[in-house]
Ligand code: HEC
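Single chain ahead, written as structure tokens, the form predicted on its own.
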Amino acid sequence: MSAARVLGIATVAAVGLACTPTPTELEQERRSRLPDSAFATSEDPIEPIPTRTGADPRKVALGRALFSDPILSGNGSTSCASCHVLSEAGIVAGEARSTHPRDDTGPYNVPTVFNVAFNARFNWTGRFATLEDHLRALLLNPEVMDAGTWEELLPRVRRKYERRFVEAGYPSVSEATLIDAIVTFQRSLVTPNARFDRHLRSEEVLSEEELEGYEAFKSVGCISCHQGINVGGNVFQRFGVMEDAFEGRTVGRRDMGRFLLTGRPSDVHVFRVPSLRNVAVTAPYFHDGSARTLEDAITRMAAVQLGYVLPGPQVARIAAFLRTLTGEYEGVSVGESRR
């Protein structure tokens, strides 16, 4: 691969997080959940998802109830689970763009809520650095949950949940405790034991086609943006590095990417790279939901991001590898109800 191509596909925006653990703390955490053989390397830059989160089960249970309760919305009919259906891989099955209280069709395809704990930034433009800030904004956004003001929302929650908050170890219902309960639940939404994770832990042998797909995924350059524990979710990249990703259609506001935040010309069409965890069961794809199938997404990504026209068998092998990234939630394969 040429140096120019490597530079083109590996343009990354560094993301700083508050309270970042020290290298020693990170190493101790990794060793507590992974055998040495499963650590990410330059050859295998993906790590398996931990099988345990260590979250307080009382707060997880409370957060789960709140996540599914339309009491959080201003019109009393919309919950977080309306757009993130856990039995449908954390999305609304087949929905290209979100349906919001005041819109028939929202601007963006809704990413899965599973494994959000491992993302470095949140929402397609990376507007939010923490899950707490992301949730707070969505609750008050009139185009999403439309919860009203905190002075309107908190009394509704107190009337129904005050006792449960105390039982979960919180002093009372407040903005901080409401956000913490829901985010604690969101961070518990991990999907371990994907077949690829089991392969990394030397617990399962993948098929020849799947292994060839993984090697192709690395050799053509997909791994440059899709790596780490979430196989993505940790860098920004332009949509259309090698070719125009919007050729043949009108470019709208939602296609402008981080430019909407920064106003910098260099951020036009730049988005947060999504995680590929459970990608086989979270169609359609891209920020606008324009890729209907996994194979279509692979073909288009190879062309506009990497400059390759992949033959059908190569696409099929990469798709076979990506299907090994489907994990389990509460012991059941993610998206099982959709099959």
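Throughout, we count residues from 1 along the sequence that is shown. Bear in mind the structure is a predicted one, so any value in this text is a computation, not a measurement.
Although not depicted, the form predicted together with the named molecule is the subject of the following passage.
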statement: Answer among 153-161, 265-273, 172-180, 200-208 for heavy atoms within 4.5 Å of the named molecule in the model of the complex: the stretch 265-273
message: Taking the named molecule as it sits in the model of the complex, is residue 165 in contact with it (heavy atom to heavy atom, 4.5 Å or less)?
response: no
- request: Although the named molecule is absent from this view, report whether residue 134 comes within 4.5 Å of it in the model of the complex, heavy atoms only.
  value: yes
query: Would residue 79 show up as a contact with the named molecule in the model of the complex if we use heavy atoms at 4.5 Å?
result: yes
query: So in the model of the complex, does any heavy atom of residue 193 sit within 4.5 Å of the named molecule?
result: no
statement: The listed residue (281, 49, 62, 301) that reaches within 4.5 Å of the named molecule in the model of the complex by any heavy atom is 301
Stretch 211-230 - residues with a heavy atom within 4.5 Å of the named molecule in the model of the complex: 217, 220, 221, 222, 224, 225, 226
